[in-house]
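Just the one chain here, the form predicted on its own, laid out as structure tokens.
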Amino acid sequence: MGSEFDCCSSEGVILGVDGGATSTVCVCMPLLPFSDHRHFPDPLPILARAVAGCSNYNSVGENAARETLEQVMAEALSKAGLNHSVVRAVCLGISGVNHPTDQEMFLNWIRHIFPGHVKIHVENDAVAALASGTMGKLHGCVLIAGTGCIAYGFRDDGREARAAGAGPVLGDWGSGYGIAAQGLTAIVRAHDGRGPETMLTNCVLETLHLSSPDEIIGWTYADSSWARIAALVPEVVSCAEAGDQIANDILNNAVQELGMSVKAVVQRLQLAGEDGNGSFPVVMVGGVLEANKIWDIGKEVINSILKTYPGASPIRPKVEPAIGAALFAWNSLMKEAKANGRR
């Protein structure tokens, strides 16, 4: 993965980590010799990239989350032919980091790995996702809808706000898990006679290689993984596209939930100004928001947001959230350098 920027690694590198409920990605980037994010090289120089499993400690426990983070960072540095001594800054964007105590816990885990001068940032994974659309600048709102979902917003003055992101038990119904869980519930209801028949029954049974809706109960509780349930979203979408009303209602409900989450954040931070017509970026990230043949959840969410906030500017990031995390760390280093009177 060499490039003309490899020489910069001698001056230091930055690690960006995106830790979600399904996987954790770490990228290693050279310390870019630019002071303005508008002048980033295209494509951005990536020295190495590594992938590991889930690092949300709420899902897998503290020990497993810590081991995953240490593993993925060590692997990225190893692939780049480097060691921890050349790292200048690290940004961990981790799902499940929702409180200062969470940040402190991760800092305590990671601090012993790197020299004391290394700048370490621990943020919710929404920070990495937003930064992937704004090239490291924290301003605007990001909507993540993958296995889980969250809306997170930032103002230039440092204020921030969030909506949703509390996990499936507390009602993240716009998430992949929420969509699929409602689909499974509809199948059980139809089988019981408590709800209307739905194409979801045959579609999901075929996908899971099950012979009866009764077997869905055992399949569901055999493994508590949120990602395992969320993997059934394509079945809900395909049934909606084929005209199934139940599946269509589930997707419409997801659109409503996701739109409300963004609007709640925008309103609390007044990102659109007092009149509601100001411009601000809305970064859209996650598999649920990707376009399908007919049912485009992301497009419908954008339309919902624009009806309330016409100045919203939807952004589909060109780089992945792990790179966004690295750019956030780079921006933080540049701000500190400017504050100290040097470039």
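In this text, all values refer to a predicted model and were calculated from it rather than measured experimentally. Residue numbers here begin at 1 and follow the sequence given.
The form predicted together with another copy of the chain exists for this protein as well; it is not shown, and the discussion that follows is about that form.
May I ask you to check whether residue 152 falls inside a 4.5 Å heavy atom distance of another copy of the chain in the predicted bound form? Although another copy of the chain is absent here, residue 152 would stay clear of it in the predicted bound form, with no heavy atoms inside 4.5 Å.
Wondering, does residue 193 line up within 4.5 Å of another copy of the chain in the predicted bound form on heavy atoms? Contact with another copy of the chain, yes.
With the cut-off set at 4.5 Å between non-hydrogen atoms, does residue 109 touch another copy of the chain in the predicted bound form? Contact check for residue 109: no, nothing within 4.5 Å of another copy of the chain in the predicted bound form.
Would residue 228 count as touching another copy of the chain in the predicted bound form under a 4.5 Å heavy atom rule? Residue-level check for residue 228: no, no contact with another copy of the chain.
Using heavy atoms only and a 4.5 Å cut-off, determine which of 146, 167, 133, 140 is in contact with another copy of the chain in the predicted bound form. After the contact test, the surviving option is 167.
With another copy of the chain left out of view, which of 189, 79, 119, 84 would have a heavy atom within 4.5 Å of it in the predicted bound form? Here the answer is residue option 189.
Just one of 203-211, 269-277, 110-118, 217-225 has heavy atoms within 4.5 Å of another copy of the chain in the predicted bound form; which? Among the candidates, contact is made by 217-225.
Heavy atoms within 4.5 Å of another copy of the chain in the predicted bound form is the criterion; list the residues of 253-270 that meet it. Those in contact are 257, 260, 261, 264, 268.
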